[in-house]
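Single chain ahead, by itself, as structure tokens, in the form predicted alone.
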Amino acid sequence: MRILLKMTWIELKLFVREPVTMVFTFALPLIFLFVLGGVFQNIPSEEFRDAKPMDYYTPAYVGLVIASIGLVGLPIHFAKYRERGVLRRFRASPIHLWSIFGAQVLVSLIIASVGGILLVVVSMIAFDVRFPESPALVVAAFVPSVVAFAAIGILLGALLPTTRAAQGLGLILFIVMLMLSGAGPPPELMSEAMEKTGQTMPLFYVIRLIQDPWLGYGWDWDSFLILIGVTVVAALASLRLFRWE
């Protein structure tokens, strides 16, 4: 446990020094939020699940904060470690692979919590976004969502050999999920093909899992179980496929 906490503290300091990660985690969701806040009239609409657009998008963009860590931050972080030989040194040390992965999950939870709180506070001040209907369930949805995307990020970091590859693929996945998973146009406004494609992406289920208790629709067990499955598959694949060099 002491090793895990020490590694988490070190990894946290290294994580916040990554400019790309900081932009995608803290700045970009806020920029999108203000752009959409200027586009839509903030009145309830069927397309936004009978909620005001900014009440709809605020929990969705909390999901976007989570996705940015898993799709951009973690893969780039691991790729840099691999290029600089850090992973090779870890392999020669007594540190277990689970400790390395665990530290990344804890860092993801800390960074996502800060980014999510910042986003919610700004939304409430700038757009009069309402407080969640079920705050405890929103928090309960937040944790498995972060863990699922941390597992995805670790898997991408385990497979992608270079920083350039991690950055390129991460950005593509981020943009596609942004547009099709409910953080861009609501699924109700998409074509059937686009809607079904969005439902194959983990961000769709993260957004629904956080959004449902926020808007008063209760707990989405289907989304929760799907994210648990994504976490287990990604974690097992990472352990089997992880490349130290």
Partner chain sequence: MKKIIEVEHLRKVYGATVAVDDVSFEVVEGEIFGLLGPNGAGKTTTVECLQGLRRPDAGKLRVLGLDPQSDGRELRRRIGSQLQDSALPDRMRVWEALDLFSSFMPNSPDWRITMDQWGLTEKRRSSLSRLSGGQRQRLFVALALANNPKVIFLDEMTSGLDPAARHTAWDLIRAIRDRGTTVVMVTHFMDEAERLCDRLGIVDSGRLTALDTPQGLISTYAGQVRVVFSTEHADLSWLQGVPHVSRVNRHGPRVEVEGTGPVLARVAAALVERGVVPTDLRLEQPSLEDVFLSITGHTIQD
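Here the structure is a predicted model, which means the values were calculated and not measured. Numbering follows the first chain given and starts at 1. Just so we're on the same page, rigid core means the largest C-alpha set that superposes within 1.5 Å between forms.
This next part talks about the form predicted together with the partner chain, which is not shown.
Evaluate Phe142 for contact with the partner chain in the predicted bound form, applying a 4.5 angstroms cut-off between non-hydrogen atoms, and reply yes or no.
Taking the distances in the predicted bound form, the answer for Phe142 is no, it never comes within 4.5 Å of the partner chain.
Indicate whether the partner chain has at least one heavy atom within 4.5 Å of a heavy atom of Lys6 in the predicted bound form.
Answer yes; at least one heavy atom of Lys6 falls within 4.5 Å of the partner chain in the predicted bound form.
Classify Arg164 as contacting or not contacting the partner chain in the predicted bound form by the rule of any non-hydrogen atom within 4.5 angstroms, answering yes or no.
Taking the distances in the predicted bound form, the answer for Arg164 is no, it never comes within 4.5 Å of the partner chain.
Would you check, heavy atoms only and a 4.5 Å threshold, whether Arg2 touches the partner chain in the predicted bound form?
Within the cut-off, so yes.
Identify which of Phe101, Phe127, Phe174, Tyr81 has a heavy atom within 4.5 Å of the partner chain in the predicted bound form; exactly one of them does.
Going through each option in turn, the one that passes is Tyr81.
Would the partner chain be touched by all three of Gly168, Arg240 and Arg243 in the predicted bound form, meaning a heavy atom each within 4.5 Å?
None of them does, since no heavy atom lies within 4.5 Å of the partner.
Which of 152-160, 93-101, 113-121, 68-76 has heavy atoms within 4.5 Å of the partner chain in the predicted bound form?
Result for this chain: 93-101.
Pull the contact list for 9-26: residues with a heavy atom within 4.5 Å of the partner chain in the predicted bound form, in sequence order.
Heavy-atom contacts to the partner chain in the predicted bound form: Ile10, Lys13, Leu14, Arg17, Glu18, Pro19.
After core superposition, I'd like to know whether Phe224 moves between the shown form and the other one (criterion: C-alpha shift of 2 angstroms or more).
No; that C-alpha moves by less than 2 Å between the shown form and the other one.
Take the rigid core as the frame of reference and indicate whether the C-alpha of Val20 shifts by 2 Å or more between the shown form and the other one.
The answer is yes; the displacement is at least 2 Å.
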